[in-house]
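Single chain ahead, written as structure tokens, the form predicted alone.
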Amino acid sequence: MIQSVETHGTLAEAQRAMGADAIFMAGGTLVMRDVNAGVSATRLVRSTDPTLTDIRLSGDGVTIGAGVTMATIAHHRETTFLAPVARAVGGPQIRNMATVGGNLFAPHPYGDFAVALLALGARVNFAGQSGAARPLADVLRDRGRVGLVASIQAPRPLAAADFAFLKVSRIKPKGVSVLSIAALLPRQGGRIRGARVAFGAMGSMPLQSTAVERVLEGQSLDTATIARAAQIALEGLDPPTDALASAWYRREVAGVHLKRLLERMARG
């Protein structure tokens, strides 16, 4: 049972205040659900550090504070490439609360925004940690033991047609994902260079599809290449069964929806 709420002026102070009895709260869409369910923690820790809500250009990408909301992403001029993804997260009330950092820890079948960031090759900065940011793929595999997320570094696609996101849900347009797919397919001379593809709700966390990436790399995004990618879409994925869909159903439709996404990207 929560007995106290602590507010700290900096993220570093909040990091020092954390312990086994504490939960960090940003937007609260996940934490308050757990609190209402009777989570064992006794303290809520939060921070008013302004860097948490900062968005700034950095090199060839954009650095997004962990406390930036989906609503902000959807309307900010530096994150227009991520706006369609943000708008696919819940309804207006959820988007006004849900944060970029919190989405990295959203359990299956949530975490659509993390799927897009994984496809982009995003990196994560943590509070109180110096040195290079960690690849998001590593953070997702170890997210039960990482510290407080300070910001996310997201590369910006060189062309709008190089990046695409697709969400499949039973309730349109804002339902929980049956599955989601994001792809970054930069092209040079008509050939794909540096393919990245990620799936959501096809495992216990967002998963990068190295099998699909191998098929696409160095190829033109033509009918034959798209068909080959769709055929091996399931390789490396382990879709679960839940109230939204069975593992069998997810396996049946994954290739279909990947094909549709790639065809959309091929049309530009």
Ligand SMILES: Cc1cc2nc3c(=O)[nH]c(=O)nc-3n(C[C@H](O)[C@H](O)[C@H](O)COP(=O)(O)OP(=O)(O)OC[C@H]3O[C@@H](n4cnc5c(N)ncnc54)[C@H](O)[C@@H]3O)c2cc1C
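From a predicted model like this one, the values you see are computed outputs, not experimental measurements. Heads up: residue numbers just count along the shown sequence, starting at 1.
Only in words, not in the display: the form predicted in complex with the ligand, which the text now covers.
Contact with the ligand in the predicted bound form, judged by any heavy atom within 4.5 Å, is made by just one of 186, 135, 84, 90: 90. Proximity to the ligand in the predicted bound form, taken as a non-hydrogen atom within 4.5 angstroms, holds for one residue of 215, 221, 31, 62, which is 31. Heavy atoms within 4.5 Å of the ligand in the predicted bound form map, among the stretches 156-164, 188-196, 71-79, 92-100, onto 92-100 alone. In the predicted bound form, no heavy atom of residue 120 sits within 4.5 Å of the ligand. When contacts are judged by a 4.5 Å heavy atom cut-off, residue 147 counts as touching the ligand in the predicted bound form. Proximity of residue 27 to the ligand in the predicted bound form: non-hydrogen atoms within 4.5 Å are present.
Contact between residue 106 and the ligand in the predicted bound form is found at the 4.5 Å heavy atom cutoff. Along 43-61, a non-hydrogen atom within 4.5 Å of the ligand in the predicted bound form is carried by no residue at all.
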